[in-house]
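Consider the single chain below, provided in structure tokens and representing the form predicted alone.
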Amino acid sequence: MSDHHSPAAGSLAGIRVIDLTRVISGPFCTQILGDHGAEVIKVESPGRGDVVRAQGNMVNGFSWYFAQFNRNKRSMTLDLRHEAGKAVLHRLLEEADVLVENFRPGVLAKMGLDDETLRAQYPRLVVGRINGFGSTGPYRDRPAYDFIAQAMSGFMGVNGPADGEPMRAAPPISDMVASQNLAFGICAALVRRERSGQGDIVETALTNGLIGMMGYLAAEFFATDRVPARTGNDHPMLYPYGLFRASDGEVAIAPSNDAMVERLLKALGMLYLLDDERFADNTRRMANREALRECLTEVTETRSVDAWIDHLNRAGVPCGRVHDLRETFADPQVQAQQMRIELDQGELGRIPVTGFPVKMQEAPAAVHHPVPRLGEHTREVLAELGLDDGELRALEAQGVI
């Protein structure tokens, strides 16, 4: 742990992170670290900074898209193409515990920070990096975005209706998963460093993260050598499990085993279906899915979504309403879990963002800093490094900060 102690509480208090990332993969990772108390210094290019600062819906000239991924950070500007900028970066790394970057493979090495140099000069430093495909292999130099990762990981190929085209997930899921994986990897490396005194280089890739999430779909492919078919909102291995039509909309019902299916059919007053040889076990229910769907829908469409959710939950059957985001953030359970929080951005007012998904009793995640303005903390951070006013003015005159 570095000698520099952040005033923030949290499990990672006292850990200093130098964040060279931009867009989503990377910034989401460093925000997670900051949420748990790490001191995060976001290093941005002078003039425009992270491109997301100018994207999405702007409110009072401020991007709420940027706010979603950049709380709990300080921002400084630094031109890393300039030798004086690289020298400042080295001074930052001398005081740092973690460096996070999401450049294409090899870019950091061109700045003079190849893996060997990092290990030799900063043996306790944990380096975290995110890229599209990993830093080895024939695709290492390809550009990649979430949509490409969703396509090439097989993720898109298993989503969508059986008779339709492959379907992407709407959120930038590969960026988010890779960021969460990297945050975990960095924390694991920091635990190891406490024991060994040695840092590590931790890498995640957008495509690898989604492949790692294929779960039972990958297991079934390995077991059968058959590519899983797209099944839309139906479960690929269980039935009944999916969306069912009620009188005023759709209800999601998810009985995951025979006992729960029996519970569902009892709640629907349809236990007799288990005596029908077409529906006697899961294998036969899967083979006769459309016939069973028709039987169930005759009953489910007689009552409202709310009525079924109340009735089925009391019967111990997992079910829920398909919410849009307005309904999600108005839901009393979501509110009780504080999954919508607000950042106090001073004259910009209060900005809503999603809350903390990891709940910890002794050292909970918290908002330690609002979202920084571009370069807001440049002089403050450099003064902490020991640069005097003359050095700061010289860097400003050269356009380095």
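Heads up: residue numbers just count along the shown sequence, starting at 1. In this text the structure is predicted, and so the values were computed from the model without any measurement.
Below: the form predicted in complex with another copy of the chain, not depicted.
Colleague: Can you tell me which of 297-305, 79-87, 267-275, 166-174 lies within 4.5 Å of another copy of the chain in the predicted bound form, counting heavy atoms only?
Modeller: Stretch 166-174 is the one.
Colleague: Can we say Tyr145, Cys187 and Gln333 each have a non-hydrogen atom within 4.5 Å of another copy of the chain in the predicted bound form?
Modeller: Yes, all three are in contact.
Colleague: Heavy atom within 4.5 Å of another copy of the chain in the predicted bound form: which of Ile201, Ala287, Ala291, Ala109 fits that? Just give me the one.
Modeller: Of the listed residues, the single hit is Ile201.
Colleague: Heavy atom within 4.5 Å of another copy of the chain in the predicted bound form: which of Val353, Leu348, Ala54, Ala366 fits that? Just give me the one.
Modeller: It is Val353 that has a heavy atom within 4.5 Å of the partner.
Colleague: Going by a heavy atom distance of 4.5 Å, is Asn313 a contact of another copy of the chain in the predicted bound form?
Modeller: Contact check for Asn313: yes, within 4.5 Å of another copy of the chain in the predicted bound form.
Colleague: Would you check, heavy atoms only and a 4.5 Å threshold, whether Met237 touches another copy of the chain in the predicted bound form?
Modeller: Yes - in the predicted bound form, heavy atoms of Met237 and another copy of the chain come within 4.5 Å of each other.
Colleague: Does Arg340 reach another copy of the chain in the predicted bound form, with heavy atoms at most 4.5 Å apart?
Modeller: Yes, Arg340 sits close enough to another copy of the chain in the predicted bound form that at least one of its heavy atoms falls within 4.5 Å.
Colleague: Would Glu94 count as a contact of another copy of the chain in the predicted bound form, using a 4.5 angstroms cut-off between non-hydrogen atoms?
Modeller: No, Glu94 sits far enough from another copy of the chain in the predicted bound form that none of its heavy atoms falls within 4.5 Å.
Colleague: Pick out the residues of 352-368 whose heavy atoms come within 4.5 Å of another copy of the chain in the predicted bound form.
Modeller: Result: Pro352, Val353, Thr354, Pro357, Val358, Lys359, Met360, Gln361, Glu362, Ala363.
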